[in-house]
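This document starts with one chain, in the form predicted on its own, laid out as structure tokens.
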């Protein structure tokens, strides 16, 4: 009975992944379903770079997935609102499965991005206005390193 439950749950999840892909304008290939599983079949928020995701796919799947497929799938999910991009600098960006406005710690030695809850940050006051612009969100990245 337990195997039937797991199989049923896996089939339900696959339907969710297929729908996410289709609603993002992508054909649900085996490779893209594998990417979707890795991104969304988890309990906790997942922070990743394209390279990190590529390495995880190589380790966890038997299907070969091109870097272009990974890049295009991730950016289609971002455009649809399933992922959020966090720009660290011109050369480095991360993606986050938690698309709500929230803050992060960035470990500068390990490049690990960790959620920082809004209640752990006091209200931030911005004193400057830009003509013709309004603030959409405020998200803080706190860079940390080991204190040795």
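Just so we're clear, the structure is a prediction, and the values are computed from it rather than from any experiment. Note that the rigid core is defined as the largest set of C-alphas that superpose within 1.5 Å between two forms. Residue numbers count along the first chain shown, from 1.
There is another form of this protein, the form predicted in complex with another copy of the chain, and it is not shown here; the text below is about that form.
Undergrad: Give a yes or no for residue 51: in the model of the complex, does one of its heavy atoms lie within 4.5 Å of a heavy atom belonging to another copy of the chain?
TA: Residue 51: no contact with another copy of the chain in the model of the complex.
Undergrad: Any chance residue 88 has a heavy atom within 4.5 Å of another copy of the chain in the model of the complex?
TA: Yes - in the model of the complex, heavy atoms of residue 88 and another copy of the chain come within 4.5 Å of each other.
Undergrad: Does at least one non-hydrogen atom of residue 92 fall within 4.5 angstroms of another copy of the chain in the model of the complex?
TA: Heavy-atom contact with another copy of the chain at 4.5 Å: present for residue 92.
Undergrad: Quick one: is residue 107 in contact with another copy of the chain in the model of the complex, heavy atoms, 4.5 Å cut-off?
TA: Contact check for residue 107: yes, within 4.5 Å of another copy of the chain in the model of the complex.
Undergrad: Exactly one stretch in 119-127, 62-70, 41-49, 25-33 has heavy atoms within 4.5 Å of another copy of the chain in the model of the complex; which is it?
TA: Contact criterion met by 119-127 only.
Undergrad: Enumerate the residues of 134-148 that have a non-hydrogen atom within 4.5 Å of another copy of the chain in the model of the complex, in sequence order, or give none.
TA: Read in sequence order, the residues that approach another copy of the chain (within 4.5 Å, in the model of the complex) are 134, 135, 136, 137, 138, 139, 140, 141, 142, 143, 144, 145, 146, 147.
Undergrad: After the core is matched up, is the C-alpha of residue 42 off by 2 Å or more between the shown form and the other one?
TA: The answer is no, as the C-alpha of residue 42 shifts between the shown form and the other one by less than 2 Å after core alignment.
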